[in-house]
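Form predicted alone, single chain, as structure tokens, below.
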């Protein structure tokens, strides 16, 4: 099922998020406006949809939910801007990155601006718990990004370290989305915790699939070059599994042991790793891991009221392990 169909119950409210984001680009500073219009386009709107949907179980107050849904989408975009600057990426969502067009310094400052704007929208909820959760999530994401930079081109990483990192970098924002929707709808604590667990497990599954698609997708589907993680020295679950299956003659090991090799040689190693993933059991094993986390996410929903939105959240979990971009 397509996301647009899954989101049908919150379609109109997601359109309002787009309207709020458009207002962010309307600044009396032409250069900044150009940067904002360039980056605030596209995306699947998974996180704001989760905020709205998580509130459907209880008291749905759009005046509180709209600024929070806008906040999580802006926070997500700001992390992408910073990630691209740190990784020196040239393409995102099929378009040139901010850092490739305007430079790393302006990209970092733009990311900071979007973080601040996201915080402003979160503050409009007037809910101290949500505002505090927003700040905590920003700390967690930043910590995860730091761990990734310190781990770059290091082969001695455990799966535990990997899951810890993606929980910080990706799942924490999914969890912010679902928790904030629950909190703002005045859900009981048991339900808030259930939706927190749903968001966390869904986010982990989402990132595992994302990491696999970096090997199995196409540049057109991904909106960025295939093999980007390997090029940046990021050891993901597919690369770990490839190292386990081929401990000797392995392009991942060769690439990480020689990060300064010539570009042509680097691209050759990346292509070989991609080909090896395609002819091994790595893809099946990664989808099994992602499916297990989606199963955990679905189980978290069992304690929630039996409303149509519960089926919608199950469908999102189904989509996560079937997506191609």
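Residue numbers count along the first chain shown, from 1. Keep in mind that what you see is a predicted model, and the values were worked out from it rather than measured.
Quick note: we don't show the form predicted in complex with a further copy of the same chain, though the next part is all about it.
Would you check, heavy atoms only and a 4.5 Å threshold, whether residue 31 touches a further copy of the same chain in the model of the complex?
-> Looking in the model of the complex, residue contacts with a further copy of the same chain include residue 31, since a heavy atom lies within 4.5 Å.
Report whether the minimum heavy atom distance between residue 193 and a further copy of the same chain in the model of the complex is within 4.5 Å.
-> Because no heavy atom of residue 193 falls inside 4.5 Å of a further copy of the same chain in the model of the complex, the answer is no.
Is there a non-hydrogen atom of residue 90 within 4.5 angstroms of a non-hydrogen atom of a further copy of the same chain in the model of the complex?
-> No, residue 90 stays farther than 4.5 Å from a further copy of the same chain in the model of the complex.
Does residue 106 make contact with a further copy of the same chain in the model of the complex, using a 4.5 Å heavy atom cut-off?
-> Yes - in the model of the complex, heavy atoms of residue 106 and a further copy of the same chain come within 4.5 Å of each other.
Pick from 241 to 249, 220 to 228, 142 to 150, 199 to 207: which stretch has a heavy atom within 4.5 Å of a further copy of the same chain in the model of the complex?
-> Partner-contacting stretch among the options: 142 to 150.
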